[in-house]
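Encoded as structure tokens, the following chain is the form predicted alone, with no partner shown.
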Amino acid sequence: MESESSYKTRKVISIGTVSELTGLSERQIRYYEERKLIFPERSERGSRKYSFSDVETLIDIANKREEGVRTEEIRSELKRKKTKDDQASRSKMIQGQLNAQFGIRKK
């Protein structure tokens, strides 16, 4: 599971490839970045780099935009989802620490 997480979150995909994968133009992808919906990393040369998770998010954003959802609403939804995911990760980490502390193993 950990390796699945790392390949999904590693930011190694160029904007051109993301454009091909999503059907969005590079301009649309940059617009979603400007609207704080997606957060690519920058390479040493300044190129945007995206993850598979970013690609999934962009497809979701594009679908919502086609349905008429405003970018502000999408941003709020993405923040809520991130908060929920962060809380779930934190709970899982704490449970793992407790299990390790008390010698509890999953069967």
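Just so you know, these numbers come straight off a predicted model, no measurement behind them. Numbers for residues come from their place in the sequence shown, where the first is 1.
From this point on, the text means the form predicted in complex with the DNA, which you will not see here.
Using heavy atoms and a 4.5 Å limit, would one call Ser89 a contact residue for the DNA in the model of the complex?
Outside the cut-off, so no.
Determine whether any heavy atom of Tyr31 comes within 4.5 Å of a heavy atom of the DNA in the model of the complex, and answer yes or no.
Looking in the model of the complex, residue contacts with the DNA include Tyr31, since a heavy atom lies within 4.5 Å.
Can you tell me if Thr71 lies within 4.5 angstroms of the DNA in the model of the complex, counting non-hydrogen atoms only?
Thr71 belongs to the contact set for the DNA.
Distance check, Lys64 to the DNA in the model of the complex, heavy atom within 4.5 Å:
Contact with the DNA, no.
Determine the residues of 38-59 with a heavy atom within 4.5 Å of the DNA in the model of the complex and present them in sequence order; the list may be empty.
Heavy-atom contacts within 4.5 Å come from Arg42, Arg45, Gly46, Ser47, Arg48.
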